[in-house]
Ligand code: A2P
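Okay, so here's just one chain, in structure tokens, the form predicted on its own.
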Amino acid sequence: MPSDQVLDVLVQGQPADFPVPSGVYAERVTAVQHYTDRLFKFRITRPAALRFRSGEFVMIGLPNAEKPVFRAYSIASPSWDEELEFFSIKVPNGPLTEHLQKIQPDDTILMRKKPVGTLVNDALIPGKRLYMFSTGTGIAPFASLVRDPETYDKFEEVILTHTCREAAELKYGEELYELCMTDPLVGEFAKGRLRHYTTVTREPFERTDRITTLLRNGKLFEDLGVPPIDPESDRGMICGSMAMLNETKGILEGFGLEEGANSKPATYVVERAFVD
């Protein structure tokens, strides 16, 4: 019998060749794509027993130490996907990302078994329009949600905003939008209802400004041809840096929105889990 600390787990039908802590899956990397010197995505096999809600996150790590470092990563694939996708930054001296950015197909990723998070449809009361405010890799939970039919059952219009430093860093979101338009499961829902609004902050672009500035001066609504945020009809989700979270929270509350949670759904939610 395995001890309370170590289990003999199966990875693609073969026993793992290292001890895996109790409560942890060991999964195989199936694909890796690098976008810039700061951003990459990867996909791994999905444990048969894993159940999660689109928008939740898990703790992932690498089997490269006696006590692996785990960090919170939003699952970027929808709950129906046969694999799990993650979108990550690269940090030269990050305890995890310094090594994670070097993974290759067939490498092993460790993942704790319990998914959690507040960026889920259940934490919002129904509305007409859903805004998803993201910066950098904060788009990851929304990559899950915009590919989930439940999102379009609950909202008539979904506005995905994505702000990055440079235009090249918008590529993941651009690919995501195109995928939604052609996806056989959600394409019919997303067409005409999913809108992708991009901005950059450090180089010339169609829109060079922070999303918070565009919210405050009203240009976001002008560009989209929609009225300002109304708590009777509009809902919000926020994922980004702590500074962006706090600023956007204040703006949404200024419009009359109230923060919700799994236990008490309301008109906007935020995610406070970050990768290193």
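Quick note: we count residues from 1 along the sequence shown, nothing fancier. For clarity, every value in this text was computed on a predicted model and none was experimentally measured.
A second form of this protein, the form predicted together with the ligand, is not displayed here; the remarks below concern that form.
Note on contacts: among Gly127, Gly136, Gly94, Pro115, the single residue with a heavy atom within 4.5 Å of the ligand in the predicted bound form is Gly136. Just one of Thr201, Thr198, Gln101, Asn121 comes within 4.5 Å of the ligand in the predicted bound form, counting any heavy atom, and that one is Thr201. In short, of 26-34, 236-244, 52-60, 66-74 it is 236-244 that has heavy atoms within 4.5 Å of the ligand in the predicted bound form. When contacts are judged by a 4.5 Å heavy atom cut-off, Thr212 counts as touching the ligand in the predicted bound form. Contact between Arg38 and the ligand in the predicted bound form is found at the 4.5 Å heavy atom cutoff. In the predicted bound form, the ligand lies farther than 4.5 Å from every heavy atom of Lys191. Taking the partner from elsewhere, Lys171 is found to have every heavy atom lying beyond 4.5 Å of the ligand in the predicted bound form. Shown here without the ligand, the chain has Thr163, Cys164, Arg165 in 157-184 lying with a heavy atom within 4.5 Å of that partner in the predicted bound form.
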